[in-house]
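We begin with a single chain expressed as structure tokens, specifically the form predicted on its own.
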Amino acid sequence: MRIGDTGLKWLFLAPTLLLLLFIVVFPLIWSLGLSFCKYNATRDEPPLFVGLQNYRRLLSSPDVWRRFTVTGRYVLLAVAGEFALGFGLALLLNRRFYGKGLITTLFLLPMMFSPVVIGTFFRFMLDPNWGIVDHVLSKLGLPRIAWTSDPRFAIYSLVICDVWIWTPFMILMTLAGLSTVPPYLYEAAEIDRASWWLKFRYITLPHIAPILILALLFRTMDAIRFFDQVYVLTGGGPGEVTETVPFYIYKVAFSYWRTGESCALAYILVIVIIGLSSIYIHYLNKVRGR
């Protein structure tokens, strides 16, 4: 029996499709079903369908909205800091100078490490007793700061850690956008004696705006769902000051064992991410003239 080209194609694709179905599609459908049920994974009881009760309870809970506030604050500070630093450094790197390749590679190194490793690294660096950051502050005559245990500064320790990891991503995306700007436009602007601001405003920015919005989209989506650094660096503390929504989902699922509620909250977070992504895509299409 001969197998045609179409049959051969599906024969090779079948193992991959089955694997994706098992590890991606099935868990999504199963967790969506559990979000409408009262279910505890530690008990030998079947899920009890409760409709939208989990969603109503979560959306009316002050605790959940407090976690969303913490997450929004973190995302705003982290993404804004990464964008500002990444964009500025990319503009500096987008010129010819000795050692450019080495310096660019060094700037990109933080993105290559595991977030858990970097979170542990920053936990040691920011330790108020023997961390290098507070040691430098004391040498400068400044007071030591309990970065991870003081409610006033705990969120900033997470922001600093995330900015250090993901600023290279913004640098990389901005450099990719800058490389697409046609050189003849700058040459024409030089002939017209245009200032650096006019060249930036009317040549550089319009050409790289789509890729900047795309970079902000990726970083915003990733920052909303981040978990690693919170777990390693602050553990959600002190108190609940740094408990983001993903960390709270983890607590509801594996500390309180309210599996149905954790699935519902996860899908609420997915809806928020989809909504924010739609806004970014709207502006992306607007910038691209569609």
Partner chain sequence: MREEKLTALILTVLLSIAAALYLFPVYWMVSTATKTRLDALSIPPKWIYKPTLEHFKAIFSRGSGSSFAHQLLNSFIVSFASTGLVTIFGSLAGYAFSRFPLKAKDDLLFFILSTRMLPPIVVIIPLAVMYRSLGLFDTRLGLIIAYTVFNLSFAVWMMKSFVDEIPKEYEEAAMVDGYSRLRAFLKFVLPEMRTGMVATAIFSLITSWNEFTFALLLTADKARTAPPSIAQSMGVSGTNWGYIAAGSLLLVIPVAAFTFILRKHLLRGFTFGAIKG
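Note that the rigid core is defined as the largest set of C-alphas that superpose within 1.5 Å between two forms. Residue numbers count along the first chain shown, from 1. Just so it is clear, the model here is predicted, and its values are computed rather than measured.
There is another form of this protein, the form predicted in complex with the partner chain, and it is not shown here; the text below is about that form.
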Since exactly one of Leu76, Leu205, Leu198, Leu109 fits, which has a heavy atom within 4.5 Å of the partner chain in the predicted bound form? Leu109
Any chance Pro15 has a heavy atom within 4.5 Å of the partner chain in the predicted bound form? yes
May I ask you to state whether Phe36 is within 4.5 Å of the partner chain in the predicted bound form, using heavy atom distances? no
At the 4.5 Å heavy atom threshold, is Phe254 in contact with the partner chain in the predicted bound form? yes
Contact between Thr220 and the partner chain in the predicted bound form at 4.5 Å, heavy atoms? no
Complete contact of Arg96, Phe169 and Phe227 with the partner chain in the predicted bound form (any heavy atom, 4.5 Å): yes
Using a 4.5 Å heavy atom cut-off, indicate which stretch of 190 to 198, 68 to 76, 87 to 95, 149 to 157 touches the partner chain in the predicted bound form. 87 to 95
Scan 105 to 131 and note down the residues that get a heavy atom within 4.5 Å of the partner chain in the predicted bound form; none is a fine answer too. Thr105, Leu106, Phe107, Leu108, Leu109, Pro110, Met111, Met112, Phe113, Ser114, Val116, Val117, Ile118, Thr120, Phe121, Phe122, Arg123, Phe124, Met125, Asn129, Trp130, Gly131
Core fit, then Leu11 C-alpha moves 2 Å or more between the shown form and the other one: yes
